[in-house]
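Okay, so here's just one chain, in structure tokens, the form predicted on its own.
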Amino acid sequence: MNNNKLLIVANWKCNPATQKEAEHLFVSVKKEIKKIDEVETVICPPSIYLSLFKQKVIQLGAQNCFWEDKGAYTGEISSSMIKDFGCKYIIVGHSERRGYFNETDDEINKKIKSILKNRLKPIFCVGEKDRDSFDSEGKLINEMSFIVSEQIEKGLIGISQSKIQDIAIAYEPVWAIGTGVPCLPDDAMKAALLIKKTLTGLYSREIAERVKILYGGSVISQNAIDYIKEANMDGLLIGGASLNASEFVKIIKRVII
């Protein structure tokens, strides 16, 4: 595991519904973790709420960005704009962006380059849709083994050795997201090893070891520590559980035991 602080990221997605709820959730978390130094906590609210939370206890992140800094792109928000809100991180390539909005590996690659150009840190999501599938001959094949490698290779085209170390890679098997059926720590560890192997092929083993690898997918306080201790992850990307302040804080406290 990476020797730096654990990275715990809250992805609020399209929640909460009101500014008042968002402020209450943020303040509730901040109050409980302000004396915890063992982890770097990042909250990624909807971009419309980012201006509410400029401070130092919790790092801010965005859930998505556009790959150009400005221009005639109605409805888009650039990484340079996000930086101006005081953010440090931007999630890119989340399975919901890939699935609902047909985001391609090429678009993700352009977003990563834009994020890095603006001296922010991408949280680059990868993961397979199904646990297993069948090839043309009817043989059972493991989806993760080739889909994750392909997503990493295409997403990191043109990313230099000096820049890759600013990227955190989040393994999020789609079949485990919001389903209540989390990936077993042993399977998560296999994915982490595959990610390191892929990065070693693209860069070097030394560089691969410096890249933070996170796990995301039905993380709750009862299983969070398993992904850190057993799967040897460098942190967690948390969706639904991050919308409950007490549960999210409990996750943070449990992973530092």
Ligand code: PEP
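Keep in mind the model is a prediction, meaning the values are calculated, not measured. Each residue number is its position in the shown sequence, starting from 1.
What comes next is about the form predicted in complex with the named molecule, which does not appear here.
Student: Name the stretch: of 69-77, 143-151, 113-121, 169-177, exactly one has residues whose heavy atoms fall within 4.5 Å of the named molecule in the predicted bound form.
Tutor: In the other structure, the partner sits against 169-177.
Student: Please check if L25 has a heavy atom lying within 4.5 Å of any heavy atom of the named molecule in the predicted bound form.
Tutor: So L25 does not count as contacting the named molecule.
Student: Quick one: does G217 come within 4.5 Å of the named molecule in the predicted bound form, counting heavy atoms only?
Tutor: It does: once the named molecule is placed as it appears in the predicted bound form, G217 has a heavy atom within 4.5 Å of it.
Student: I'd like to know whether D187 contacts the named molecule in the predicted bound form, with contact meaning heavy atoms within 4.5 angstroms.
Tutor: D187 lies outside the contact set for the named molecule.
Student: Could you tell me if E96 has a non-hydrogen atom within 4.5 Å of the named molecule in the predicted bound form?
Tutor: The answer is yes: E96 has a heavy atom within 4.5 Å of the named molecule.
Student: Does any residue in 231-253 get within 4.5 Å of the named molecule in the predicted bound form, counting heavy atoms only, and if so which ones?
Tutor: L237, I238, G239, G240, in sequence order.
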